[in-house]
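As C-alpha cells, one chain now follows by itself in the form predicted on its own.
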Amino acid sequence: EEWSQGKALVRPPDQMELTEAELKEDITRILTANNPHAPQNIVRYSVKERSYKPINVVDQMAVHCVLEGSLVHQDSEEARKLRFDLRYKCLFVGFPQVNPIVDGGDVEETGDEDRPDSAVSRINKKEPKVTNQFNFSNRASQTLNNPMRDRICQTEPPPRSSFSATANQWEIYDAYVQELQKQEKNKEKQKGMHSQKDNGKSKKVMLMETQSEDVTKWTMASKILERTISQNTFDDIAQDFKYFEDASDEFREQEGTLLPLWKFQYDKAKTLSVTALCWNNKYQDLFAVGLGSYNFSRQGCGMLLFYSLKNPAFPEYIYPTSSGVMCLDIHAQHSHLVAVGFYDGCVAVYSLKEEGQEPVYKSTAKTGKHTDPVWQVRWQSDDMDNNHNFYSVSSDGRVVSWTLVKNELVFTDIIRLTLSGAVSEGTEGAQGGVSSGTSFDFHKQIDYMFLVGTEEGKIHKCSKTYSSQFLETYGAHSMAVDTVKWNYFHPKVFVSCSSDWTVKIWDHTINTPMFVFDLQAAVGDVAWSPYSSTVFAAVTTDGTVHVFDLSVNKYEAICQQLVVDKKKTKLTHVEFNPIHPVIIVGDDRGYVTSFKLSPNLRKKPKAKKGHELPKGPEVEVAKMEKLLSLLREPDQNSG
C-alpha cells in the first residue's frame, strides 16, 4: 500500500537553498530577436558622400539548418511545368504516363489500361501527326547582323607644358580659400539673377554685374590716382610736412610753434565729436578716429573712420555703428585688428581685412557686456594658447579681459572697483558702492601692472594676478580722471589729467605728484611723445594745445597755441605720430587737425666738442631721472 503513503520531495544534495523572499521574487527574462553574434561596426563606402559610413541596420537572422528538397507544391508554376513535360513525353515520345509525386502524395498503381501495349491504351491513344517526309522544312528566319564599326576622330593634341612647384600647407590652404570665395561669388550671382528674373529685370542685373566687375578691376588704380590728385592739390602742405622747419626757433630758445597741416573731416560725421584717436604702428600714415558724443542726453549713432596722411580728402575705411564710439585701440603686431568700446557697454573687434561694415567679434548681454559706457580699451600680449586678448574699463566698475576664441569673445572679470577698495571676481556684492572707471593704461615693461583712473578723481595701481586689493591708491584729482598714461621710457613715471584744469606727473613709488600744471581750462587729453621722455602734450576745452618739455622748462609749457577757428569749439583728444614730428588733435565738431612740431619742441641736447652724443632709451631714462632726483627727498633718492 505504498500509494496511500504521502510522497516526500527528494532534494538533490547540491541544490541551492533559498529564502521565502528569494523564492517569491520574480525574475524576468526577455527573449529578443537580436543576434548577439551579429557585428555592430560594419562600415561601407558611400559614393554619394565620398566617405565610409557605418551601417545602422544589421541582419539579425541566424540560419541553423538548410536542407534542399525535391518536393514541389502542386499549385505552383513549377509543378504545372513538370506535368506538361510528362504529358508531352508520353504523347510524342512514347514514355509511359506517370503521375508526378507532388506534396508527399503516394505513387498510384498503374493498371493494364495504362500500359502502352494494352488494348485500352491503343483505343484511347491519338496518333501523332506525321510530318511531310518529302518537302518538310523548319520555319526559321535568319537576320543579318550589321558588322561592327569603329569610329575614330583625329584631333590635335592639347598643348602641354612642364610645371614644377613646392606645395606647402599654407599654399594649399590659400588655394582652397580662393576656390571657396569663387564658389560663394557664383552662388550670390546666381541668386541675384534668379531673383531679378522673377521680377523681369535680368538684363539690368547682368549689366550691373559686369559694371561691378569692371569697377573692382580699377579700384586699386583709381585709389592711386585719387591719392596723386590729392597730393597735387595739397602740394604746399606736403612740402611743409617733409621739408619746412621754422627758422624763427633759432631766436626763441625756450618756445616752439605748431604748423597746421591737413584737416580731416567727413560730411556725415559733422554732428559727432572725436572721442578717440590712435595711430597704426605698422603703417605710420594711417590713424583711426572714433566718433560719438560726450553729451549724454543726446546719444545716437557713432562712426569708426580710418584716415591716411596720403589722402586727407576722404577716409580710407568707414564703419558706421549703432552706438557712439567712446574708445579704440589698434593692435601693435596685427595692425588690421581694432578693438572698440561703445557707449551702450559693448566692445567689438573690427578687422580691416574683412569685407563689410560689421565687426568680426562683438560682446552681448549674454557674453558679459558692460552695463555702462566703455571708456578705455587696450590690447595685451597673447595668452598661453596664442589667443588675442584686450582689456576694457567702464563706468560700471569692471575691468574685464576679453579673449578672441574662434568666433566669440570670452570675458573674464579682472577686478571690480568700489569706493571702499577692490573686489575680486569671486566675491559677490560690493560694499560701499561702485567706483566708476574712466581710464586705464598698462605698464610698458611690467606686463601685469596697470593704472585705473576713476570718476572720483582717484588713481588705483592694480595687478592682473592680485585682484582682491589695490597695490596703491593716489588721491590725484578733485574731478574725474580723463586720462592716465605711463611714460614710454622711464618705468616709474606716469601722467594724468582731469577736468579740474590740472595735469600731474607721478612717480608710482611716491603718493604725491612730482609736477603739477594748471592749464586754466578743463583738460580733455594728455599724451607722451614717443621720441623724448620729458615731452608731452595736452589739449583743453578752450581750444588750446599745450606742449611741455620738462628738460627745458619745468614750470610752464614751451608752446601754447590756439588751434580752433571758432571760440566754442572744444578739443577732446591728442596723439603723437610714432615716427614723424606730427600730432593730430580732435575736437567736438568731428574735425581732426594735424600739426608739425617746430624744432624747439623736439630739440635734442647739443653734443660737446670731441664727444659723441649718446643715443638710446637709457639716455631718455637718465634725463627724466635727473629731473626726479631734484624733486625727491634724500631718503627717497637713496631708496
Partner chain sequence: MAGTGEGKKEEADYKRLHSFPLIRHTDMPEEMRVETMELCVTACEKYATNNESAAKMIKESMDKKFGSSWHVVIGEGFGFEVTHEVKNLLYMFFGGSLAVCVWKCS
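Note that the structure is a prediction, hence the values are computed from the model and not measured. Residue numbers count along the first chain shown, from 1. Superpose the two forms; the largest set of C-alphas matching within 1.5 Å is the rigid core.
Although it is not shown, the form predicted in complex with its partner chain is what the next lines describe.
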Wondering, does P158 line up within 4.5 Å of its partner chain in the model of the complex on heavy atoms? yes
Please determine whether S164 contacts its partner chain in the model of the complex, using a 4.5 Å cut-off between heavy atoms. yes
Answer yes if any heavy atom of Q239 is within 4.5 Å of a heavy atom of its partner chain in the model of the complex; otherwise answer no. no
Given that the partner is absent here, does D267 sit within 4.5 Å of its partner chain in the model of the complex, heavy atoms only? no
Quick one: of A175, A79, I446, M479, which gets a non-hydrogen atom within 4.5 angstroms of its partner chain in the model of the complex? A175
Since exactly one of E556, E171, D382, E358 fits, which has a heavy atom within 4.5 Å of its partner chain in the model of the complex? E171
Listed range touching its partner chain, judged in the model of the complex by heavy atoms within 4.5 Å, from 531-539, 372-380, 177-185, 248-256: 177-185
If the two forms are fitted on the core, does D235 show a Cα displacement reaching 2 angstroms between this form and the one not shown? no
Once the core is aligned, please say if the CA of Y555 is shifted by at least 2 angstroms between this form and the one not shown. no
So, superposing on the core, is the move of K187 at the CA at least 2 angstroms between this form and the one not shown? yes
